[in-house]
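Below you'll find only one chain, the form predicted on its own, shown as structure tokens.
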């Protein structure tokens, strides 16, 4: 019996911290999402599904924030994966200053989001920003936009910043996967006369599936919890054009509506669990296939 319990001693303290600081607060949050918890009353009353009916009501903007969060997640997963894979394939080849290129491409992912936000607010500035100034310099003044204040462009601009910041991180993970693939597969493909596309389709992508599964799950979790990028660049504006779940949660907690805020987090947790489950199941099936 003592021998069986011996391994548990090593994780007991960490497990206790996890339960106290993660599991218990999560369960409390789920319970509080069914109450009228706010800063204006001293007693908390159980109100059932009222907070959730408010969230899913057509009169409110909460569903718009949920849709934006899902769209942001899907868009960044696809773009980061494609760009990260292309960068990984490029850097994996025998190019000069390979290590230098890896550092430069990875560098944006370690820059604090506050700094990135300040930089891109300057780049996106409609009057003196780098993008509009460049467009004017090449005679494309009609293409200039109010990138962060135009409803048509604000959300796309935020997605572009997040992709720029995160693609290098995905590249590093996929590069590790590429370097784990034996060159003997490619040598055999060369003997059979396989071209670049067939090598990519039948060798690289199938053997890279474990790494792609990791990057997809990481991107999924990050995208659904996005807050800092939106908050720094637009704070959910113009209007509600770039509002996501966590900016709405921040707004509700700022207004003292803690019950609605915790309900929003609970809804996001359910969405995250469902999407994560199906993403892992789908990628695992592809990996086994």
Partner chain sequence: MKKTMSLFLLTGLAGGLLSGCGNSGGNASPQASGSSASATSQASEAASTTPAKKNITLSYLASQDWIKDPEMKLAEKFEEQTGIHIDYQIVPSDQYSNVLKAKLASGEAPDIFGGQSGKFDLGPLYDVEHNAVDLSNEEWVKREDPLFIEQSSWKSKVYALTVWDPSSSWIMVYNKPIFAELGLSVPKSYEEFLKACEAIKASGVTPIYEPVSDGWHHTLWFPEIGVRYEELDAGLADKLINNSEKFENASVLEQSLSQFSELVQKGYFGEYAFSNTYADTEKNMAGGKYAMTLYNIGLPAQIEQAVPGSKASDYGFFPIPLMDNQDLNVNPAAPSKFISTSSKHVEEAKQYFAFLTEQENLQYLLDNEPKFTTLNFKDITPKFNDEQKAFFDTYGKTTGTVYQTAINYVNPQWMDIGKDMAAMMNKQMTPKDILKNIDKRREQQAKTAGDSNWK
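Since we're looking at a predicted model, the values are computed, not measured. Positions refer to the first chain, counted from 1.
Beyond the structure shown, there is the form predicted in complex with the partner chain, which is absent from this document and is the topic of what follows.
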Review point. Since the chain is shown here on its own, which stretch among 164-172, 184-192, 78-86, 144-152 would lie within 4.5 Å of the partner chain in the model of the complex, judged by heavy atoms?
Key: 144-152
**Study point:** Exercise: residue 53 in contact with the partner chain in the model of the complex, heavy atom 4.5 Å
**Key:** no
Review point. Would residue 136 count as touching the partner chain in the model of the complex under a 4.5 Å heavy atom rule?
Key: yes
Check your understanding: Within a 4.5 Å heavy atom cut-off, is residue 280 in contact with the partner chain in the model of the complex?
Key -> yes
Review point. Does at least one non-hydrogen atom of residue 30 fall within 4.5 angstroms of the partner chain in the model of the complex?
Key: yes
Check your understanding: What residues of 254-276, in sequence order, lie within 4.5 Å of the partner chain in the model of the complex by heavy atom?
Key -> 254, 255, 256, 257, 258, 260, 262, 265, 266, 268, 269, 272, 273, 276
